[in-house]
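Given as structure tokens, the chain that follows is alone and in the form predicted on its own.
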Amino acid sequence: MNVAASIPTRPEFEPPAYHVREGREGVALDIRNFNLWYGKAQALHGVSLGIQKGMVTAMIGPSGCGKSTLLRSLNRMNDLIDDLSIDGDINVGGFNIYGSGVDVIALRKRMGMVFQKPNPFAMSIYDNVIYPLRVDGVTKKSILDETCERALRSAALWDEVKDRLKESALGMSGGQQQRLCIARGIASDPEVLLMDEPCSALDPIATAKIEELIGALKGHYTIVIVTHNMQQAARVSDNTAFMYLGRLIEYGDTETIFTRPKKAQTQSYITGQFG
């Protein structure tokens, strides 16, 4: 097989291949012909895909392919970057999140975010979890207590920390800190949970716990995970999007992506011929 011939190097890409596993509840995020530029450099080219509600969608591809850029566009975190411009639509609940008059703070409350490196705040475990509620002005102790326990249970962390909620979160292990960040991310009960390489800084045991947690959260939340680990994508996701050079190459059910991909570029990537 001529690997070089299978890897697109020019702007004339073929249309993406779509064979998505659809959920009963429809689409949670509808991305339509989305383009993004950093200054004059275009990072995303006409990306279109529908993220299925209640499912886990993985984004894979080599470094610099645009997967994290696309993820951060879903809650407009890229707005913080100077000289950024976009074109196209990302629809959530029937409205374009880049439309005029959109309350970006309210949008981000609907999109929980978990980053590559655990980032607990320098405060107690309890205060970390309820931080989103504090920001919203919630002060009633019973609500804060109930939310803290619910979120920690959902993050499979309650039994490990219930007797030390007032201790600093910085004293937790790396895997516990990442699950704490997930608890904080779901404390305000968002619709979507965005995860950007959530296991890259963790050991195999902690990684296995995070993957198990993703499976437990699926259904209640729509989960979008960017991962460099193709085995992880195959284990945890329902659908997988393969991106290359800022373009969507193939988007489909995960089993087909990893066993019978429709595109030669996808086949070359998952078999390790480039990346």
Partner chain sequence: MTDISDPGIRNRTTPDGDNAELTQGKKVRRYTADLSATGEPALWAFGGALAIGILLISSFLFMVFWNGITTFWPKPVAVVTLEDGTVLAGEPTRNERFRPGTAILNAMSEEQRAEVEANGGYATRTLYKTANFDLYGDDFRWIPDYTVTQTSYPPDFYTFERQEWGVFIGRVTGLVIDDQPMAYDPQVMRREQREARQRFNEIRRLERGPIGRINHRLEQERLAIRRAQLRHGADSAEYEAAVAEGNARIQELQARFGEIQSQVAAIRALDQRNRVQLEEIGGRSIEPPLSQIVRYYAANDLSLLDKAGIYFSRWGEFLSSEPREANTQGGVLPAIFGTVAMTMLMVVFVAPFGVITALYLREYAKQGRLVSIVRISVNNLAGVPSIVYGVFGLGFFAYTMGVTIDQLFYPERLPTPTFGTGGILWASLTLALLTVPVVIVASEEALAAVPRSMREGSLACGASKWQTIRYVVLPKALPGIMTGLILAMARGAGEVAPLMLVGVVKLAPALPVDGFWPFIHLERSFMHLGFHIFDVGFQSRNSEAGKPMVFVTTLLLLGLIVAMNSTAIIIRNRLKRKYASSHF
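Positions refer to the first chain, counted from 1. The shown structure was predicted, so the numbers you read here are calculated from the model rather than taken from an experiment.
Here the subject shifts to the form predicted together with the partner chain, a form of this protein not shown in this document.
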item	value
Contact test in the model of the complex: residue 77 vs the partner chain, heavy atoms, 4.5 Å	yes
Proximity of residue 149 to the partner chain in the model of the complex, heavy atoms at 4.5 Å	no
is_contact(residue 189, the partner chain) in the model of the complex, heavy atom dist at most 4.5 Å	no
Heavy atom of residue 127 within 4.5 Å of the partner chain in the model of the complex	yes
Residue stretch of 127-135, 200-208, 84-92, 149-157 approaching the partner chain in the model of the complex, non-hydrogen atom distance within 4.5 Å	127-135
In the model of the complex, the residue from 111, 180, 71, 172 that sits within 4.5 Å of the partner chain by heavy atoms	111
In the model of the complex, residues of 168-188 near the partner chain [heavy atom within 4.5 Å]	168, 184
